[in-house]
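Starting off, we have a lone chain in the form predicted on its own, written out as structure tokens.
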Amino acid sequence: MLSTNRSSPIRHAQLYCLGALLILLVGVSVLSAQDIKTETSKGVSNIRIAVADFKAGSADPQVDGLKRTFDTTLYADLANAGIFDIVSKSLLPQSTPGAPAEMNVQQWSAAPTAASMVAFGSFSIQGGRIVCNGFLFDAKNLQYPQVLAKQYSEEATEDSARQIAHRFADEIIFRLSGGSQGIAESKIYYVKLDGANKEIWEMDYDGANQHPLTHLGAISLSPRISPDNSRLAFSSLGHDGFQIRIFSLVLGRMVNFTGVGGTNLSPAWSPNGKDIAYSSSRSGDPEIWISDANGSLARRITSFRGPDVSPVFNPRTGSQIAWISGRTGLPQLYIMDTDGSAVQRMTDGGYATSVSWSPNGQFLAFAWDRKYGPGAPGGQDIYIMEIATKKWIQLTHDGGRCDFPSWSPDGRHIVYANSPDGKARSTKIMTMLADGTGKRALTGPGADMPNWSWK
């Protein structure tokens, strides 16, 4: 990790060899969003879907409140998916179908609703448990309209109502996206400012259910969740400097990771969960090292004057690493094989930081100040680069400092940190579609360094 606070001691320690004040951008083509075909720019029209409020199926006093949570969450999950044109609730028929026998698809396919698909169902509480029946109908198929039918039963709580909505949304997305997994059940891990300390927190993909995981009373940075969602790697400052730490989400406590000398930062999991890559200055310069998941059998894979930091594995193959290196001056984006060979420089100027590799292995998202230097126009924004062509697009513009992008597991979304005024305490976590549209805040100020779960 290269600190984005340009006056911090960490930044000075890592960049002591970077003497140039300004490197102008050369040799990189500016493209429109249509020139790079991400998961959100395939040229296919979005499916027009109507999402009905579910029909109350019991008179329990909890039903109204929990059903409202369910209805709101399901609508938002499908609206956020990036593959649907959601019909406004004001255009829906007045009838509220709760079961297939109550559904008249012709009402929903006709104007003004004009839906291709309809999600509907019933929501009740029986014996202290939510019982939810969800259906998805093809409104254009009069003979065989039913596409999906699911039943859920969980303890009658606010969180259960949200989780049932997430699961049903993901089922719908899976059916209508050609088998792509939804993200409604995924999590985001991040750094939360806590007085003078920074702890690791977790939240749902939509910003709900924010809560702390660590209580170390220290500076903790760069959380990275393992592919099986069981362990969280991060760097934390202790009496022995910055070291890689591992928190077990299964056990709810820290577990052992072999400590070493020097400053150790920005861990990243291999897609099989067996290895961790990170930056370590144990040999002098910060270099990229790979160890097993316990910190043993560590091997250095870079060896060049200048800091090498922020590694991330190709999640599709596990055979390549992208990282940031200052070996030629200001930090640039590189990729290499996991044995340190086949090094390629991807950016050719400016100031690059904090790279993230897309789930399909085709793109890199990273933070980039393309014209870094005193008085230079622009600033630090989020970019996507297509690896095969090195073509790139800029996703954020004029919103302040943007950093630490992380891909969603479906490749359609990116979460990132944004500071409108460039100050750490004002930093919040934002999300957007991978074409740069649909930006919205997930947290208030004091949140930084997000990492989206693998699934």
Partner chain sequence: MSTMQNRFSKTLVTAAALVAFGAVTGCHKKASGVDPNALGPAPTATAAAPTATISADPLAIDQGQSVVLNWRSTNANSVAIDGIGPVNLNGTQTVSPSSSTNFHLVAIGDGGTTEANVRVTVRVPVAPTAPPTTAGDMGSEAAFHQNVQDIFFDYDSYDLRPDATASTAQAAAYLAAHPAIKVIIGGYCDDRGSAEYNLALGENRANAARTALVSAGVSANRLRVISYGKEKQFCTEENETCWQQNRRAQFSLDR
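Residue numbers count along the first chain shown, from 1. Here the structure is a predicted model, which is why all the values come from computation and not from measurement.
There is another form of the same protein, the form predicted in complex with its partner chain; it is not shown, and what comes next is about it.
For the chain shown alone, Pro307 is a contact residue for its partner chain in the model of the complex, at least one non-hydrogen atom being within 4.5 angstroms.
Within 4.5 Å of some heavy atom of its partner chain in the model of the complex lies at least one heavy atom of Tyr372. Contact check for Gly182: no non-hydrogen atom falls within 4.5 Å of its partner chain in the model of the complex. Put simply, Arg401 is close to its partner chain in the model of the complex: some heavy atom of it is within 4.5 Å.
For a residue to qualify, one of its non-hydrogen atoms must sit within 4.5 Å of its partner chain in the model of the complex; all three of Ser222, Gly284 and Tyr351 qualify. Heavy atoms within 4.5 Å of its partner chain in the model of the complex are found in exactly one of 319-327, 89-97, 246-254, 71-79, that being 319-327.
Scanning Ser160, Ser124, Thr113, Thr263 against its partner chain in the model of the complex with a 4.5 Å heavy atom cut-off leaves one residue, Thr263.
Phe242 is the sole member of Trp108, Phe363, Phe242, Phe135 with a non-hydrogen atom lying within 4.5 angstroms of its partner chain in the model of the complex. Along 429-455, a single residue, Met449, places a heavy atom within 4.5 Å of its partner chain in the model of the complex.
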